[in-house]
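Here you get one chain, nothing else, as structure tokens; it is the form predicted alone.
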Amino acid sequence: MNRSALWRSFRLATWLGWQIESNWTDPFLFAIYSIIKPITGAAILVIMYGVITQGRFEDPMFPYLYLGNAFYIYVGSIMTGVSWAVIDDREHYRTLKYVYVAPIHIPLYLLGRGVARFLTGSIAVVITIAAGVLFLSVPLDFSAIQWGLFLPTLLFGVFMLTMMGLLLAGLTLIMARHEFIIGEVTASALYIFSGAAFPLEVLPPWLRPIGFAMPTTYWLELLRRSLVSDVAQAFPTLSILSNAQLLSILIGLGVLFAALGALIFWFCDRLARERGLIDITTHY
């Protein structure tokens, strides 16, 4: 398949995904929903933190926790967006079999469908961070942001999460029950093991290696450091590692998980074709 066909597969899938995500209501209500949802999610975290620490919002732990939670929105949005496309097309619209016989590249089609969730997730991330800076005194100095670290880390993380979403999409193809929660379950598990809301030291010693094996742990740490480097000691988990070391680990684990995602999707896709699972509807 030539480059123009690959680009067409991705571009049209992106357009279709956005139409599905944003066409369920009028634009005004969609805008209100996009603003209120991330703010309420952040408010829950802030209230919990305030109760537990008795209002110690000046502690460096707070911006680290807040920013980690804000960027973690991408994890659920992107991974679920890619895998949910299989459920949408196979179970809801019953068009997945037609997609498979069309002259498109299936993996790029699924990745394109996930772009809509990335866009809505980006809106939520920006709103959450803006609310923290404006109303909660999150110490974010735009002149001190390390853009040379922030932008490559963010982009590589998005690529990594899309490939992990492709892995989940492959598993979704061969699952007949409970496949609709696979994205949320995986994102919830990674929330615990990625240090998004608390240091890995809080976990029992036998569970900590899981967190150190997850690329999202290093991704969130680098994003925090690039935005508020002066409070990097707030989370002691990775404080002994330099930015270059963290970036090297992130790239290594990210490439590993990306390759694993492509391999598992290829295997599951082949298995689904052989078993006739492309056009099944479970009504479940």
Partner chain sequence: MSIPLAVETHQLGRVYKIRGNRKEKVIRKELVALENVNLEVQQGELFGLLGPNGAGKTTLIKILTTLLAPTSGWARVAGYDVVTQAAKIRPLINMVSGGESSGYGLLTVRENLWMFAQFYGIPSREANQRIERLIEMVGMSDRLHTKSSDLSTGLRQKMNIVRGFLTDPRVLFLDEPTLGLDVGASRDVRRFIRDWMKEDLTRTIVLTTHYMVEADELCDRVAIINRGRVLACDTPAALKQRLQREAHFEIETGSLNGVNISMVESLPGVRKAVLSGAKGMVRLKFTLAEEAALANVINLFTQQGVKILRLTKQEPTLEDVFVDLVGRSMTEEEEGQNAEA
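Numbering follows the first chain given and starts at 1. Bear in mind that the values here come from a model prediction, so they are computed numbers and not experimental data.
Here the subject shifts to the form predicted in complex with the partner chain, a form of this protein not shown in this document.
- Only one segment in the set 142-150, 161-169, 104-112, 128-136 has any non-hydrogen atom within 4.5 angstroms of the partner chain in the model of the complex, and it is 104-112.
- Every residue in the set Leu16, Asp89 and Tyr98 has a non-hydrogen atom no more than 4.5 Å from the partner chain in the model of the complex.
- In the model of the complex, no heavy atom of Ile264 sits within 4.5 Å of the partner chain.
- With a 4.5 Å cutoff on heavy atoms, Leu260 does not count as touching the partner chain in the model of the complex; it lies far away.
- A residue is said to contact a partner when one of its heavy atoms sits within 4.5 Å of a partner heavy atom; Arg208 fails this definition for the partner chain in the model of the complex, lying far away.
- With a 4.5 Å cutoff on heavy atoms, Tyr93 counts as touching the partner chain in the model of the complex.
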